[in-house]
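In the form predicted on its own, a lone chain appears below as structure tokens.
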């Protein structure tokens, strides 16, 4: 007898909970990042299961040194979460050494010292663990015993998984969505050919390959054309395999839930955060809200702010830079080194300009406090996003929804969101300190009428394509019922 079809299965490295630094310890809290927030409305349906990776720390010493997400961490009474356990060494290699220290860095163009430098014996061994983790996930889904109605596989941690599941579920609609930028062929050549083959062929196990932007679609199709023996139809954004199966390649720009954001900013927690921040703001306030990650390029952003104060001494004492830096991957040495470098730059700026500005002009909030970040977005004059590369960057879209002060978005043209904000934001090159400083000055000097018009344009675009639209477009292309 054929097994009955179950509901949709979401597959991701991460579960619905995140880690937050509280006092002197990490605690779990419902995640608020893009992936989780966009998938949760679907995940709350009773027929939907969410498979995620978990790993127990091997001993107390390693538990203190690194973040391990356990089955208990990912328990959520509102969701059907299926934790897939990985041995601690496998999890560290698959998640830390390959997913974050190689693929994340490569795809965000953090290449060279302080990012993806080279692949040694340890990295090649870790690649084997990456493949093992994907195989374990495939086995866990198969052991669940029912045929999914559709599979939604998330991100770069699970590139091989669609190919593995295609053999197990030959008739099931599968979508793989990559939340980060997809590299073009010259960047893909920086990893060995067997790795490229595994990544691309694994993704082509899906029925639909989802990416953030049309540029990512073009990069993926170019890689398939360059490295695989397949037929690429760029006019139809499709790839045809030798066995005749055709894979659609589509752009689904990630977005936010405007209604949920408005509910959140009306909470007492945001009101309390506003009162705390009132003491920190200047007459003019620049903010940034991002994970403390080399790809976010905070170092250059702070250097640009220092250059702003140098060329515009009239702003000293009037402008304050509030930086909301979310702790990220603190168990990885490259992240700790980057954190220390960023803090060193901030200290230098505050020492150099502290007297002239009547106090430190840069104030850092090193915490994962969503309510505080949203409060800052409500009342700022400039939001700076100068990432080296971003799949989308949902902070910009959150700001567009919640901002009460019609500020100005200054954003890297290499961020995915730049295409949607091109007629509203000031676009910068992420490595251009001088250009970024000038853009900050232009934003602070911009007349209210122009700021308001720019903000309204971008806000309207975000409202027209929400997180629900992002998800429903994928479900429609899989021919399953939409939300």
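Keep in mind the model is a prediction, meaning the values are calculated, not measured. Positions refer to the first chain, counted from 1.
The protein also exists as the form predicted in complex with a small molecule; that form is not presented, and the subsequent description refers to it.
Visitor: Heavy atoms within 4.5 Å of the small molecule in the predicted bound form: which of the stretches 340 to 348, 359 to 367, 159 to 167, 172 to 180 has them?
Guide: Comparing against the small molecule in the predicted bound form, the contact stretch is 172 to 180.
Visitor: Taking a heavy atom within 4.5 Å as contact, would all three of 262, 403 and 461 count as contacting the small molecule in the predicted bound form?
Guide: No: none of 262, 403 and 461 comes within 4.5 Å of the small molecule in the predicted bound form.
Visitor: Counting any non-hydrogen atom inside 4.5 Å, which residue from 441, 35, 54, 43 sits next to the small molecule in the predicted bound form?
Guide: Checked against the cut-off, the match is 35.
Visitor: Just one of 155, 371, 237, 132 has a heavy atom within 4.5 Å of the small molecule in the predicted bound form. Which one?
Guide: Only one listed residue qualifies here, and that residue is 155.
Visitor: So in the predicted bound form, is the small molecule close enough to residue 227 to count as touching (4.5 Å, heavy atoms)?
Guide: No, residue 227 stays farther than 4.5 Å from the small molecule in the predicted bound form.
Visitor: Using heavy atoms and a 4.5 Å limit, would one call residue 468 a contact residue for the small molecule in the predicted bound form?
Guide: So residue 468 does not count as contacting the small molecule.
Visitor: Is it the case that residue 198, even though its partner is missing from this view, gets within 4.5 Å of the small molecule in the predicted bound form, heavy atoms only?
Guide: Looking in the predicted bound form, residue contacts with the small molecule do not include residue 198, since no heavy atom lies within 4.5 Å.
Visitor: Closest heavy atom of residue 95 to the small molecule in the predicted bound form, within 4.5 Å or not?
Guide: Heavy-atom contact with the small molecule at 4.5 Å: present for residue 95.
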